[in-house]
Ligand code: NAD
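The data below hold one chain only, encoded as structure tokens and taken in the form predicted alone.
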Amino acid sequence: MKALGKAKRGPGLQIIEADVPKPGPGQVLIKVKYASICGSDLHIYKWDEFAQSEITELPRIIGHESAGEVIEVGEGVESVKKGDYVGVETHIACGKCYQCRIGKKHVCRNLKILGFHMDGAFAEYMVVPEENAWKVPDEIPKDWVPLMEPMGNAVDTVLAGDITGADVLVVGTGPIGAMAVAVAKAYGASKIIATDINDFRLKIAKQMGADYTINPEIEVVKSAVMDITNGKGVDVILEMSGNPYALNSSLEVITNGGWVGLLGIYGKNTIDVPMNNIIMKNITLYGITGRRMFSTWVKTTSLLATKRVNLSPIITHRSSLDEYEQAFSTLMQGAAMKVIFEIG
């Protein structure tokens, strides 16, 4: 079968010819129909320090945001059957560690990630554990399903605290930030303000439901937010950028007693934040990682099946695996939101 992955160390990717995998006990074989490029796939393409630390075995088929049809099941599989259309939870939990046993599989101590620690979704076929194949209702458009995985990150970030009636600042409107705008709107947020230095992304954030958009390179965020909120500041910050300056700028406009959902990954593990201000203003910080397995999938499915969230504006480009160079280049130039590989 044809696949896209990392066959050698260094920048770039390669088309790989690989055997069709066979499902073992408790596993399912999926014929991949659609897969989308994640920001973490860009790290692999660039072969930066993060990618080098995570991918230790080559060749490795990459990609994890995916959807397809179950075409074969292994021994003991009961929850899905041949012919089911599924999305894929990309965190492979061990099921045995302390976190797994107390219902926190999303922070499993022995976590493996599809496309990093085992072969992934940029291929014609893939094998995943039964529990990671999430059956999707017909009401959800099939090409939206790969985006359910990153949308789960947005859902968990938005729902980390009370969002209903809140004035919300979304910092960074890449795909997950833009989806967070829509999720916050669906759950009853009041005013939603989105910031980004990319006007293309801000335009899509507006389509997703942002009431106000701010480009920090053009406007002063603090002044604009205070004007919008009549001097109160925002109740909630959803930090999606991973930019220390953006985080600190947003903390200047949060009202006393507010909360911050932190999803963005920072280039350095240690950054300067105004801790005394956070303490004295009684600000709550939530660190968000992945999706809760599997309650987040229930919420994401409901939002999409009932059309309370529309993902069409997020899918800006489509590609074949053979056109991967152009697809990755467009993303790295900031000219695309989500690129979908049409594989099936």
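Nothing here was measured: the structure is a model prediction, and the numbers come from that model. Quick note: we count residues from 1 along the sequence shown, nothing fancier.
What comes next is about the form predicted together with the named molecule, which does not appear here.
Picking from 74 to 82, 224 to 232, 123 to 131, 197 to 205 the stretch near the named molecule in the predicted bound form, with a 4.5 Å limit on heavy atoms, gives 197 to 205. Checking Pro175, Gly115, Gly87, Gly261 for any heavy atom within 4.5 Å of the named molecule in the predicted bound form turns up a single hit: Pro175. For the candidate set Ile288, Val28, Leu304, Ile314, a heavy atom within 4.5 Å of the named molecule in the predicted bound form is found for exactly one residue, namely Ile288.
Within 4.5 Å of the named molecule in the predicted bound form, a heavy atom is found for all three of Asn243, Ala246 and Ile265. At least one heavy atom of Val171 is located within 4.5 Å of the named molecule in the predicted bound form. In the predicted bound form, the named molecule lies within 4.5 Å of some heavy atom of Pro216.
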